[in-house]
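One chain comes next, on its own, written out as structure tokens in the form predicted on its own.
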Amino acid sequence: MSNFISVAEARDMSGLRIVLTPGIPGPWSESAKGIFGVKKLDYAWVEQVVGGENLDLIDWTAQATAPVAVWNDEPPRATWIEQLYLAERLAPEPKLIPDDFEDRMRMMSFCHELLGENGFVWSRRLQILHPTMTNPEAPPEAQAFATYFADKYLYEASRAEKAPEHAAGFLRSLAAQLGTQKAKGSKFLIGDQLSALDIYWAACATIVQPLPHEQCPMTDDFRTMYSTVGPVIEAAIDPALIEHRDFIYAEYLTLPLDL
């Protein structure tokens, strides 16, 4: 595990600092690590406490979650698109945003549906929370954990019930995109070279089919949460998507995951 520093230590530093959650392969955090890792940018790992008050983090970044990227005295960047553009500016090569307008529009659309509010990962989080939020006999610690994240993801029972089909729709669309690319002779989800979408999908696939323990160590509770997807999502997981995840990790990212 990398050496994490406190928010207080990070605030006194210059350069690139990224707020991450130790010990948990969260899709958004792994996405940010993938982007900055492919760019070969060095950064300090700053600790966010999952479920904690994170008052120092709120004071610094005006929010309590991870990941957040901070470059020198510039404003903190807490969204995937801000972090992507920061990485592109700090290390223009390898380019992860296509120059071609149509490719760029298609990539950004998929990225938003993957990582944005109400997108694929967001929907999976709602689906994961739903059983505990609707079970009055759930253990108090489980209720507290679920309530914390329910507030964060604007949980409503009606939205959670629709979440599996929403997530499955994304998977079907991404699989179709991958099939179209393969028919063109491309190994990538967009265009003919690695893009941010390839990295983001590799990082986010863990929330439906985690990497093996030796490649991605995590607690049994998290592995169960991530891998319990239900029949709607299970039917939408094209094996080609998992093969693509494995290809991107083998060729461009680092295993085992450093959590």
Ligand SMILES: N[C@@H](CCC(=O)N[C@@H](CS)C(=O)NCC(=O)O)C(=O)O
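In case it trips you up, residue 1 is the first one in the sequence shown, and so on. The model shown is predicted, which means the values in this text are computed figures rather than measured ones.
Omitted from view is the form predicted in complex with the named molecule, to which the following refers.
request  = Note which of F170, F188, Y153, W71 lies within 4.5 Å of the named molecule in the predicted complex, where distance is taken over heavy atoms; exactly one does.
outcome  = Contact residue from the list: Y153.
key: the named molecule: the contacting residue among L86, M108, A78, A146 in the predicted complex [heavy atom, 4.5 Å]   = Answer to the contact question: A78.
message = With the partner left out here, check for me: in the predicted complex, does some heavy atom of A196 sit within 4.5 Å of the named molecule?
response = No, A196 is distant from the partner.
ask   = Wondering, does V49 line up within 4.5 Å of the named molecule in the predicted complex on heavy atoms?
value = Taking the distances in the predicted complex, the answer for V49 is yes, it comes within 4.5 Å of the named molecule.
query = Should A66 be classed as touching the named molecule in the predicted complex when contacts are defined as heavy atoms within 4.5 Å?
reply = Result yes; A66 sits at the interface with the named molecule in the predicted complex.
inquiry  = Please determine whether R159 contacts the named molecule in the predicted complex, using a 4.5 Å cut-off between heavy atoms.
reply    = Result no; R159 lies far from the named molecule in the predicted complex.
Per-stretch contact check against the named molecule in the predicted complex, the hit in 50 to 58, 211 to 219, 229 to 237, 188 to 196 (non-hydrogen atom, 4.5 angstroms) = Going by heavy atoms within 4.5 Å, the stretch is 50 to 58.
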